[in-house]
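Only one chain is given next, in structure tokens, and it is the form predicted on its own.
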Amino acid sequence: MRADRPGRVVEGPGLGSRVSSPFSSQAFSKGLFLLLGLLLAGAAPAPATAVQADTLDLPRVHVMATGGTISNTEGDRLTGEELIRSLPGVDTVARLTVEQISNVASGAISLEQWLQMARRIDDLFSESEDPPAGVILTHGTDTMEETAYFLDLTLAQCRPVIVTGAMRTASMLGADGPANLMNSVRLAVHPEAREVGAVVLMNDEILPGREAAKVHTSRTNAFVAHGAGPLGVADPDSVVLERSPPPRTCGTPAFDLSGLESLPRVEVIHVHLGADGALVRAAVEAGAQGIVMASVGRGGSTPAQSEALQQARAAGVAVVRSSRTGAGRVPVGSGGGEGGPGALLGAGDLTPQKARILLMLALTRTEDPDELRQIFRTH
């Protein structure tokens, strides 16, 4: 994406649709909501342009908008361009370009879109002229942690990719979306964040993509980083990075998506008292190459489920035991290699939904139990 002239953004190759003119007509209610937000913030409306002519010496930040609560109003969804226009003073921090990928709830994001997002971000960072200092992905919070972890595993570059959103809609009093988005811009241009990689930024906290987890349905402090804690905070006066992200090789993704058009089918099955093996067998019949158990305790399941899992492994299906508790570890080496050709391993400290992501990507590389086990120990 390039700036053709002030006030207009022209789409480059990849995802998204052309960003509309800043002077296109909008529903009257949208204008009221935006104006109300600006008045409550005590600031004059920002100029209605995606790229300002007097900020060309500032670093560029590219915003990829997908929808979610951050864009919701009472009767419509704001576009990425409209979200940017609601940020007073952002044009003193960065030059923003905007790309609308979708405008949906995060539960509607598909695996194919994940592949497209990762490739598009890599393309942006590889641009020979004016590559962005960072990329911001506005996203619904329900699956935000999954998208952040997928990008963490598949992006080649370590430059900041900040997944952010809101717990309150744009038309609610106390909407948190503008602050989260503004803090994301500040982080994207921060000189110490050049190799922060894929993170979640919510409620002033910068959370590593691997550990970020949503733990509340509605509070603005719904996100935590289990075990690891935040990488830093976005304070009113400055962005403070309190620790470095885990080391990785910048320029080489953990998992190469080249040539991939789809991801292996991996299902998550919940363990509960009295559960039989019907869902395990159904997953195998549906073509699952892997099954992640949201197990009780440290990897336990019911006798009927355990029997069905042995049958699944005998059919070559990889089985990963995670925990439904939300914290703690299921040892990666548990289960060994006995009982069938399919791998049986623990998820470590990964949640069931994140163990599914890692298993999908791992299965694009190997089905060997020992190699899968090493992948789970490493990532």
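Residue numbers run from 1 along the displayed sequence. Computed from a predicted model, the values in this text were never measured in an experiment.
Quick note: we don't show the form predicted together with glutamic acid (GLU), though the next part is all about it.
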{"query": "4.5 angstroms heavy atom contact with glutamic acid (GLU) in the predicted bound form for D142", "finding": "yes"}
{"query": "Exercise: G68 in contact with glutamic acid (GLU) in the predicted bound form, heavy atom 4.5 Å", "finding": "yes"}
{"query": "R77 within 4.5 Å of glutamic acid (GLU) in the predicted bound form, heavy atoms", "finding": "yes"}
{"query": "Any non-hydrogen atom of A105 within 4.5 angstroms of glutamic acid (GLU) in the predicted bound form", "finding": "yes"}
{"query": "Heavy atom within 4.5 Å of glutamic acid (GLU) in the predicted bound form - the one residue of N183, S86, N72, N203 that qualifies", "finding": "N72"}
{"query": "Option from 187-195, 286-294, 133-141, 252-260 whose residues, in the predicted bound form, bring a heavy atom within 4.5 Å of glutamic acid (GLU)", "finding": "133-141"}
